[in-house]
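The chain that follows stands alone, in the form predicted alone, written as structure tokens.
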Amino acid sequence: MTSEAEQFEKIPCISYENSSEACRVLAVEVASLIRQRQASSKHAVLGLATGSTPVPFYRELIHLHKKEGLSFQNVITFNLDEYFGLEPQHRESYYRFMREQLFDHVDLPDSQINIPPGTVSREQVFRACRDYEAKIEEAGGIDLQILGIGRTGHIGFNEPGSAQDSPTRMITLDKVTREDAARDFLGIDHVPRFALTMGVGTIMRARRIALMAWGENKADIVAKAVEGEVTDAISASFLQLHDNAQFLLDAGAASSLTRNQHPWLVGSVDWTDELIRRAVTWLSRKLNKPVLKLLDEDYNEHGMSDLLTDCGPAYQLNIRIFNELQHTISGWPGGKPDEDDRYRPERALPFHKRSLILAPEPSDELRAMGGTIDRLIEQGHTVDVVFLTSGNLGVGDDAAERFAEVLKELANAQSAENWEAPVRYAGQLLGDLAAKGPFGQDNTTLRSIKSLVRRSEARHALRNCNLGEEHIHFLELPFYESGRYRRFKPGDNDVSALCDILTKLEPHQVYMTGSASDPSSVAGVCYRLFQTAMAQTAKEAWQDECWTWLYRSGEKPFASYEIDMAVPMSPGQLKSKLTAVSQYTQEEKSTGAREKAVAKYYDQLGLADYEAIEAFRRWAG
């Protein structure tokens, strides 16, 4: 702890504006360590992590190597983990990941690279893990260990239940961890069930530890690891016991730390309107009291006596916040015509509006705002849905195989003369699938077919919302078509495509997601491209009348105090939405749990009890 604001933090945390800034700082530290060791003719021993989190960090190291001559000749590396049973050249092996993301781009000798051997036999695992530990000791121990953090709070693959002194070993992967990897492996059935991982004890012996986390989706687990009790249920919490561990966070990942989430608990605050609403709704939920029933003593006993001094008494403050919350609820997401809109979330005019829904991948739009799309159309607004990517990376081989088999069946039922080309095409497709196997890389033809599968599902799903095909657009941004999950490299062409569609449609409303996502995820990449496109078109006349609403799809849901527009849904409307979502056959089945949870939040605060609510936050730009 270095300040009053950080008094609940048991691990030092440095918050940066974005992940790029954090990675530059860490890369400079690593470069300094390497050069210091070079000067004394010694090795620098680095522990390395995989996954999307360290990718921008590795790019910074490559930049330092190519632009500033940083040599890795004196570096020895030890990776945290590897899937058990994957060949090194498997597209999802961590060996291949490290080759693609770092090793093939710097002058690190192969003999100094160490990755847990995922291809040893089951009988050899124990000995291989012991040998890995011995190699670390022989190298003099790890100088700097790089970590990410999983959704269960794991470091490496140390799933819940891992002991503080656990060594390198085989571990059974948690269901949540396998679910998070499902898209990479084109389905959870293909995700390995076991992995070899450095143990918590192995990690804790590193002389310095730097854990990186990006995006609001990681915020809650970061806060638990940093401020909660040390527990084997969250292996990252053991880092509280390390003398030289540090968390490097972007603004999103740091947002649930007490100093950011509940600053009134750690010192005096400047009570802005947003902070007041956050504090009152937090107190209501903490005490399980509706907002209108909070008392003066409730505020005084929870660090908010100065708020009562400025805005009290409690009765007056409660009414103010209750009214603000009530004003967020609207069944007119496009604005209600001929009505006083001072207390409505969206303007009455212009009416009708041109509403543009941007979806990073097909299904994002319906999962988050299917009911709202239906209302906008029903109320006469012009609605266009733009799928920024094809979504083909989320389509399994079985869908492409079914397509080819149906094509052959049709040919058999038709004139052979007219169907020779389709039959050849189907045969080529089935041959490509067989050649690549379940884990090979899709070629251009396969990705094209999977794009068509997703397009068909998207059109069929939106037909349930009465949206015509002329209002459905497939942008297929280049970064996605030429990339893979965790390995995207967006560029100017992506921004240009977004600028073109915005300029063409000139929307009065834009709905966008990705603000809380990991920056390297599809949604995170698309959100940042959207920010850039909006900046580049800022002087165009249509932006003067355009409002942007953020929605959450696979991301962390909005907290009640963050919601600027809450669109309620009846049981029938929710059922219709779930029916539309179910048209995406490759996606996890939606139950409406998120929408029901938002409605429950509002009910707990003392507002009307709805079946479900879709939530939005106005984008400040």
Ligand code: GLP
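Each residue number is its position in the shown sequence, starting from 1. Because the structure is predicted, anything quoted here is derived from the model rather than measured.
Not on display, but discussed next: the form predicted in complex with the named molecule.
In summary, the region of this chain contacting the named molecule in the predicted bound form, judged by heavy atoms within 4.5 Å and restricted to 152 to 160, 502 to 510, 467 to 475, 67 to 75, corresponds to 152 to 160. Out of the listed residues T50, S560, Q573, S553, T50 is the one that sits within 4.5 Å of the named molecule in the predicted bound form by at least one heavy atom. Checked against the named molecule in the predicted bound form, the residues G118, G148, G524, G394 give one hit for a heavy atom within 4.5 Å, which is G148. Although the partner is absent here, F185 sits far enough away that none of its heavy atoms falls within 4.5 Å of the named molecule in the predicted bound form. Put simply, R375 is far from the named molecule in the predicted bound form: not one heavy atom of it is within 4.5 Å. Within 4.5 Å of any heavy atom of the named molecule in the predicted bound form lies no heavy atom of F479. Although the partner is absent from this view, D81 contacts the named molecule in the predicted bound form, with a non-hydrogen atom inside 4.5 angstroms.
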